[in-house]
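Just the one chain here, laid out as structure tokens, in the form predicted on its own.
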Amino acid sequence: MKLNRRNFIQKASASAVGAGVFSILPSEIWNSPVAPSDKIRIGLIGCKSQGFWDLKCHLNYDDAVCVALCDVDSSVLNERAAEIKKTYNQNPLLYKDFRKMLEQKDLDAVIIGTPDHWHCLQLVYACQAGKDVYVEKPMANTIAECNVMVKAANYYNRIVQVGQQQRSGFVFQESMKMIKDGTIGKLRKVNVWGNFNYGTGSDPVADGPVPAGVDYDMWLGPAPSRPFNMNRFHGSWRHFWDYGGGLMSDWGVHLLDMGLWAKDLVQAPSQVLTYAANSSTEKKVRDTFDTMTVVYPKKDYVINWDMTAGVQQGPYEKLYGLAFIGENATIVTDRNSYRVFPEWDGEKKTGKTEAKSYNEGKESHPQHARNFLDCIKSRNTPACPPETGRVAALHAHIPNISARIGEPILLWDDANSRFTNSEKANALIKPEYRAPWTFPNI
């Protein structure tokens, strides 16, 4: 149902009252070129990189406006505010504490672009405040956090879009159509690979003073207290278990998600077979692994993940991609292209299906943002709801846990959210939050 001014206010107010806050729409927005009932007021938490790109993808649509920015780094915050003013002529309120931002009355939705270890608390607090949420992938940094985020989205009846934007892209949508309409015959195997230089980690640097204008204690949040080091800060934080899962959770979530989508799987892996090592000879700083091979046995097919950080070569001359191997053909794809390689029919002396290709695809962040905005209005399920984000994240977290404890085979009981063959693995399901932060219960 398309919301008009009256029922939008009613729905927003009802959600806000239930969360213990009040949301009143300012009268001035009703003078905008877009119908005011269609104006969605957005706040961004985490403005440095991917989060700001996500925000711009939303603001490039006329029915979105930025009313708040939050970042622990004053220089980043001021720089992004100036860009919003220059590009969109909007004047968002600025915050260094996201909790204060969530109290802002004229705020409908929140984009979470912070490091992975912050996603859970920020999403839960936003849902409690009656806000819809676009959260970057991986959905969270641990299995237990993913679980509670799904509960929060459902309990508070919020629209949550996880930033696995490939689900909104033409290339992968067309590939899924061909798989599901039988073009390639029975799907037998999905080979997935991701090779990127940055996955080896960062050059070593000494601990140093916290940069001026940075609230480092807030940046750490629920993560353990540690001396400030630039390698654990902007961008390169993802190589440390406290905050991220390395290349496996950064790109693995995106690509493995496509292997799951091919069969519409919404189940976590019941079993993984993992090889992992830090085999690069470059002297880098990291906790995470630069080399991984993982096998995910499924009911009637298998997904294989292969990762070699520090190189930029891969199968089919692609540094990353997927090969969907069927009985009649193989589809090879990345974000920009797909190609169908038919199997040969010896009797008919022709291919078992039509050979075709497409190479004009573009990044699908704008389409994913559009889907989120539309679902805020319609209250329909978005392209990547939290249940989907959770399953993709667990396909990264479970092999990472396997590698960290040195046990190559792990068996997972999703119904009870535990490993059945390793107590060492069970110890890594839920993080221990640093005081005063506490793990949320829904």
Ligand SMILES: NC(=O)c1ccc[n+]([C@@H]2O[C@H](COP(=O)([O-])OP(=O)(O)OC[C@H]3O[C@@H](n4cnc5c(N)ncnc54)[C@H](O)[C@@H]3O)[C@@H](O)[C@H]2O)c1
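Note that residue numbering begins at 1 and tracks the sequence as displayed. Owing to the predicted nature of the structure, the values given are computational and were not obtained by experimental measurement.
Another form, the form predicted in complex with this ligand, is not on view; read the next lines as being about it.
At a distance of at most 4.5 angstroms from this ligand in the predicted bound form, none of the three residues 59, 92 and 123 contributes a non-hydrogen atom.
Residue 257 falls outside the set of residues with a heavy atom inside 4.5 Å of this ligand in the predicted bound form. Mapping the unseen interface onto this chain, residue 50 counts among the residues with a heavy atom inside 4.5 Å of this ligand in the predicted bound form.
The closest heavy atom approach of residue 46 to this ligand in the predicted bound form falls within 4.5 Å. Though the partner is left out of this view, residue 396 does not reach within 4.5 Å of this ligand in the predicted bound form, counting heavy atoms only. A heavy atom within 4.5 Å of this ligand in the predicted bound form is found for exactly one of 137, 158, 167, 286: 137.
Only one of the listed residues (113, 326, 201, 194) places a non-hydrogen atom within 4.5 angstroms of this ligand in the predicted bound form, and that residue is 113.
The stretch in contact with this ligand in the predicted bound form, judged by heavy atoms within 4.5 Å, is 67-75, chosen from 67-75, 286-294, 173-181, 143-151. In sequence order, 218, 219 are the residues of 196-221 having a heavy atom within 4.5 Å of this ligand in the predicted bound form; the partner itself is omitted from this view.
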